[in-house]
Every structure is written in structure tokens, then in C-alpha cells.
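Here you get one chain, nothing else, as C-alpha cells; it is the form predicted on its own.
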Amino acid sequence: MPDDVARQVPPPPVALLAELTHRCPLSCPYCSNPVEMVPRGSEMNTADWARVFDEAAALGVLQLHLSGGEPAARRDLEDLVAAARGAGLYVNLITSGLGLTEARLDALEAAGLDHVQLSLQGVRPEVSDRIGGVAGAFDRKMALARSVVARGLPLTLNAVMHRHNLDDLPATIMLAEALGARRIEVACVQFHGWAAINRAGLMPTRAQTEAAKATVAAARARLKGRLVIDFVPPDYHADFPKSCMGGWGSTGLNVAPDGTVLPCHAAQSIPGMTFPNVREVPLALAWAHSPAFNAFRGTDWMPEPCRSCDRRSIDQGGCRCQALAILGDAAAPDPVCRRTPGRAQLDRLLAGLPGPEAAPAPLTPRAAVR
């Protein structure tokens, strides 16, 4: 490789999100999977994924997050965990808990699973089951959580919060504590994929958001050293954008069920971009030299006022998919930022959503994958 090319190679990613399948027993209306999901027949096979894990480890990836859909829908999940551990990767399973029997947990533990991240649709069974669309799912999740902790496996609860359950945040944190979870991710819905369709029904009010911030601050002080609390507040109520994915093509990458390599899970929503496929291109080449990965990497691509802003290395220009969704331009400054003209358009969108006294709009459930 010529010296000038070698100098352009970015540092290796820390984490790989492997979306093994878009199949899932739940139908959550905030699902981050794309509306046009990968069918079962287009999923990569066991050998393809094992090769990806080897290439990821060689690239410098340390953490592997097995996700979906529901990864337990794959009958070869145990083999995939074993392949990833064989490659030397730390393996985290992101799951709804449905499809994981005690026997499968035994097999996954034997294969070398390091960590379980369990999704939580609500702390009340009626809310959880209504959002997920499966009766009895909450009780099954609780049984799985207890089994994971009893085995000594680290447990993270991924509590996706929105208008329907954000008021239950204190009870949600208490549940994580009672279950013996080591971490809880209080992740307010980000409006991509299916969530974008359901924005009017899911967007929390500003009062809910402010109350959530106070609840998290108090819980962090009370539970310091016992429970780690990660908090992703609603972007729309913020004054500045977050650094999406730590910066485009900066710290992590995704591989979709069909092998498409992405800088983030929503990147395929950006028109005109061609993303590499690991069935055709080595992962290292996709990461370092794909035009799509380099399109918004670093700060050279930034327009004003981002280019001269003192926050450009903090928020990395914000979310490209959010700029596209709100402003119709993925290269525009993230409209969350109050220093940009795009904020006025986001504020107009917020003003058009149901207010605090109004009932939230009906929710469209995520479709099933065949």
C-alpha cells in the first residue's frame, strides 16, 4: 500500500454490531430495523458470519454485539457465539429474551457467551406486552433475567423509553436494581426505522424529558458503584446533538443480515450511497476505503457553522440520518443544534406533535419478516 494511502487508514473500530437476522417475535413500533427488512432467505450463513468475526478480530475489533431482530431466531446462534469467542472477541447478546430456553442458555454459556443485554418494553406487564405485541412476554423476560444473573453472567437491561413508559422510569431503574443487573441503558427512542413512522405516538413531552433527567441524576448518585446507568435523552428536546456512533466511521460499524457493511444501523436511509458487502469485500477494506464510510468521517466534510464550531470534535456534526429525516439533506448540520438554521424546522415539527394534554397518536407495529 502506498505511504499516502496508508496514512489515511483510520484507527480500527472498537465494536461490531452483527445484525444476524431481522426476524423477531416482537412487533415494537420503535424498532430501529429498516422498514424494508432483509428476508430470511437473504441472511448470511454460519460460515459467512464466522469469517466476518475472524476479519473483525484481525481488524482490531474487541467487542461483538449479536443483535437482530431477535438473534435467538437463528438456530445456529450457539455456533456463532463459539465462532466469535474462537476469534477472540468479547460476545454480548442483545435479545428480547423470547426463544431463549434454559437449554439454549446452557449451550450459549458453554459456547463462551460473555454478556446478555435484555430489551425491556415496559416495567408493567400490560404496557410491555402491548408495546411488544406478545402476551406474556414480560413474565418470560423476567424469568430469563433471573436465570442470567443466577448463572453469574453480566446482565444489562436495555429500557427503550418513550411517551408511553417514560413516567415509569423510577420503577424501571428499581427493577434493574432488584434483578441484579449490572447496567441499565435508559434509551429514549431515536426516530429512525419504524420509530420514524410512529414519531407522533412515541415522542415524549418536554416535561417527561426533564423529569427523566432528574430521575437519572438522583439514581446515579444513589446507586453509584452498584448499577451503571447510561442515559440517552430525546434528541429533539436537546440544545446540541450527540456524537452519533462516536462519529461516522469512527468507533464502530454494523453488518446487516445480508452482509451489507454500514457506519450505523440507519445509514441505508441515505439515498445515493452504495455500501460495501462483506460477501464481496473484506471487512478491513470496507472500513478503511469505502466511499460511504469516508463520506462523513472526520471534520473535512462539515458545512458551516459546524466547520468553525468549537463543538465540532465533541458532536462530530451530529446525526447524518437525522439531518436527512428532518431537513432532507444528510450533509446538513444536525437540526437538533440550536446554532443552526435547521433548528427552526425541527421546532415546527415538535409544535405539530400531540401536546401534553392530548392523547398520543396510534402506533403502527413493526411488520414480521418472512
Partner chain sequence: MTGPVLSAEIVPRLPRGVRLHDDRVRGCPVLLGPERAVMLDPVGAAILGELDGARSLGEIAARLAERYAAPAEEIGADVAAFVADLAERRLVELGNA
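Computed from a predicted model, the values in this text were never measured in an experiment. Positions refer to the first chain, counted from 1.
Below, we turn to the form predicted together with its partner chain, even though it does not appear here.
J.: Of the residues L179, A295, A187, L153, which one places a heavy atom within 4.5 Å of its partner chain in the predicted complex?
T.: None of the others qualify; the residue that does is L153.
J.: Exactly one of Q268, N92, Q208, S290 has a non-hydrogen atom within 4.5 Å of its partner chain in the predicted complex; which residue is it?
T.: None of the others qualify; the residue that does is N92.
J.: In terms of non-hydrogen atoms within 4.5 angstroms, which of the given stretches 28-36, 50-58, 301-309, 338-346 touches its partner chain in the predicted complex?
T.: It is 50-58 that comes within 4.5 Å of the partner.
J.: Should G225 be counted as a contact of its partner chain in the predicted complex, where contact means heavy atoms within 4.5 Å?
T.: Answer yes; at least one heavy atom of G225 falls within 4.5 Å of its partner chain in the predicted complex.
J.: Does A331 make contact with its partner chain in the predicted complex, using a 4.5 Å heavy atom cut-off?
T.: Residue-level check for A331: no, no contact with its partner chain.
J.: So, I314 and its partner chain: in the predicted complex, are they within 4.5 Å at any heavy atom pair?
T.: No, no contact at 4.5 Å.
J.: Consider T215 of the chain shown here, and say whether it contacts its partner chain in the predicted complex, taking contact as heavy atoms within 4.5 Å.
T.: Flag for T215 set to no.
J.: Has each of V14, E109 and D230 got a heavy atom lying within 4.5 angstroms of its partner chain in the predicted complex?
T.: Verified in the predicted complex; spot residues all in contact, yes.
J.: Hey, which residues along 109-136 are within 4.5 angstroms of its partner chain in the predicted complex, non-hydrogen atoms only?
T.: Heavy-atom contacts to its partner chain in the predicted complex: E109, D114, H115, Q117.
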